[in-house]
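Shown below, as structure tokens, is a lone chain in the form predicted on its own; questions about how it binds or moves come after it.
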């Protein structure tokens, strides 16, 4: 009996010691403090890879999931701390809590400008850039850049970026976010102080954005043309953003939303400008274009890395989603639909067949422009529900898009390195999971 009691006490003591120590000491070296709110398996995996791949100096400068390294705060900590994204008082408590709870994941720097659907978590992108071995001075490509998360994050890390998207609105939005990293807040104040006049000019002039910009630059000779253009991009993005809010909520007028959203944009510029000066960070070059991911105008074997998220077949109609913004751009919307991957085809089955055909071309181009041994990361969802309807088969029999992408990649010389599942929050009825698929080029 006494021996059994002793064994029981030893087991309890052992359990207590294990519970007190936790698991982090097994994953991370002493001196590494992870960012608050890190609670998903894929985040722990990316943090672990960062801790093993980056040296101490790189962890402090560019790591995504650590706030302290041997007692020294990281750049990511300084970029993300302080007041979160400035949210108007009329915003819902749910929206306010989202930005507070996700302070280190999204919304920092200029990522919070314009709430674009299907946008990456910037923190995740930063970690992926790190674990792909991309260093300062290298060049990364996002051939379907959407709202510009990859080029913005790369610029903050000292990595040159090329961004391409078929949508002229996406190109404009990404350009505005990249430009905003380099705007002088004092120059911006000159314009935001007259926001009522600016709104009136934008709202009464029904010209395309190219004409709006010409009029703006003609009537604002205060600064040099390059600075004026950056400021125009930011203010007009706020105009488009506020128009969307007014249509969705109908609680306030477009003009009222414009005032509050421009204030939020200005606060974001002021904050990131101050932090970059304090950290002595000079954003790297970003070259953004409207173009076709299936036919890249990029030199063969010239890039150090690629990150992109293709449409999850036909899960989201980005053309329909952006129609109110696209009307300001010099592109025929019907012609644009013929260029956007996932939209071509008359019915679901034809759309899916054309999607696979297009993805073959995209991955062939990615393989062509990537340097040997360099990596290409693709973030892609499963979309089993829609594909089962398109193919007229059970959901359980649908081959995941991530597996299809890996098979296509193999045929183009891009071999799988790692695949990480990530839960999709807020889209459970459509897709429950997406995958971070990392491929490596094996040949030239």
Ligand SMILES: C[S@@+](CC[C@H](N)C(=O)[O-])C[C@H]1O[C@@H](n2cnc3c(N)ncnc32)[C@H](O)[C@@H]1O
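Treat the numbers as computed from the prediction; the structure is a model and nothing was measured. Residue numbers count along the first chain shown, from 1.
One more form of this protein, predicted in complex with the named molecule, exists but is not displayed; see below.
- Contact with the named molecule in the predicted complex, defined as any heavy atom within 4.5 Å, is confined among 253-261, 273-281, 234-242, 289-297 to 289-297.
- Annotated contacts: 62, 137 and 159 are all free of the named molecule in the predicted complex [non-hydrogen atom within 4.5 angstroms].
- Residue contact check for residue 318: one or more of its heavy atoms lie within 4.5 Å of the named molecule in the predicted complex.
- Not displayed here, the named molecule is kept clear of residue 127 by more than 4.5 Å at the level of heavy atoms in the predicted complex.
- At the 4.5 Å threshold, heavy atoms of residue 354 stay clear of the named molecule in the predicted complex, well away from it.
- Of the heavy atoms in residue 194, none are within 4.5 Å of the named molecule in the predicted complex.
- The contact with the named molecule in the predicted complex, taken as any heavy atom within 4.5 Å, belongs to 145 out of 370, 145, 113, 152.
- Checked against the named molecule in the predicted complex, the residues 349, 182, 213, 119 give one hit for a heavy atom within 4.5 Å, which is 119.
- Counting a residue when any of its non-hydrogen atoms is within 4.5 Å of the named molecule in the predicted complex, the hits in 332-353 run 339, 340, 341.
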